[in-house]
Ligand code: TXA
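Only one chain is shown below, in structure tokens, and it's the form predicted alone.
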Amino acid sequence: MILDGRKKLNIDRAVQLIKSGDVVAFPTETVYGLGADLGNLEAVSKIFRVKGRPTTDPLIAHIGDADQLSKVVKNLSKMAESLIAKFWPGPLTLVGEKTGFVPDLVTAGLPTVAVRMPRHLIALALIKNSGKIIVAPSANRFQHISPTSAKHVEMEFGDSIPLILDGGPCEVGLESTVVSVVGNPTILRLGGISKEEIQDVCGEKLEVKIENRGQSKPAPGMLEFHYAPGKPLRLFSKSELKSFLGKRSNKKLTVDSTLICFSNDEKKEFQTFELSEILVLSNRGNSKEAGKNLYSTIRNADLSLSKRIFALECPDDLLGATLNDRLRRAQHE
């Protein structure tokens, strides 16, 4: 059931569901989340069951104020405090040492916990009014395309969750950037804040470790395959795609293929090829606009009549690295 999240009556309804041990989908500035009370193990278990998510993939604890932070994480460094001062509330998740209050189920059995404070009035109202710390992964089936609207959530789950709070399209449209602040700061997932912005605060170059081949992951989004449509998706550089489409043996593929490109200029370059459809991430050639549109564009391509999806690499500046990371992980034949 989709209800307008701007209405207090509907927030109150969501609060009651959270307090009773159920799950609720709600908007954040990044993507829509599927939330439950961190302190209720049965509710947390329901997230994993509904999503089909393995328990080796941890959840992010969403807080509404500084008092809640000390309940879940301890021994934060000065560097972590600087990142919080700069980017919270906002699309930054920190991974730190967990307190005894945090169940192992939330953290994939690891001694660390991922935590953030969202920059969305509906999300903050849900957290504060419930009096709970809310754990929430993205509100989609495991490894599927992340949802950036209430309708996307409904497409994923139908009636299998009791309530979806509608807050309109997500402002950022990409998951939060995840930074470990245990020891030397390390980027574990690229996201809505660029690596360069994080490094400006830290005053140093950071190690980027965005994949983990172990069983338990220290942060969500570290799987090699993720964020994927049902149709085959293949990522190309511009020169690779032109060569591929220009080969006689591939001519029959083009008429059944949708291309996702970064800008209108790229669309013009590929209009001479007989593609089924060309979708543009940013009319202005802007990486933040492209980020906001990425998942809805992949979803539209997946719903189209074409049989496969081609995607062009995005310019590797600002959020371009995050966009390419998501497209690379979404690839499959």
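Since we're looking at a predicted model, the values are computed, not measured. Residues carry their position along the shown sequence, with the first being 1.
Absent from the display: the form predicted in complex with this ligand. The rest refers to it.
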Taking the shortest heavy atom distance, is T148 within 4.5 Å of this ligand in the predicted complex?
-> no
Taking the shortest heavy atom distance, is I122 within 4.5 Å of this ligand in the predicted complex?
-> no
Can any non-hydrogen atom of A36 be found within 4.5 angstroms of this ligand in the predicted complex?
-> no
So in the predicted complex, does any heavy atom of S194 sit within 4.5 Å of this ligand?
-> no
Residue within 4.5 Å of this ligand in the predicted complex by heavy atom, from C261, L126, V178, L233, is V178
Tell me, out of L165, A136, L190, V153, which residue has a non-hydrogen atom within 4.5 angstroms of this ligand in the predicted complex.
-> A136
Stretch from 252-260, 104-112, 201-209, 156-164 whose residues place a heavy atom within 4.5 Å of this ligand in the predicted complex | 104-112
Does anything in 255-270 come within 4.5 Å of this ligand in the predicted complex by heavy atoms, and if so which residues, in order?
-> none
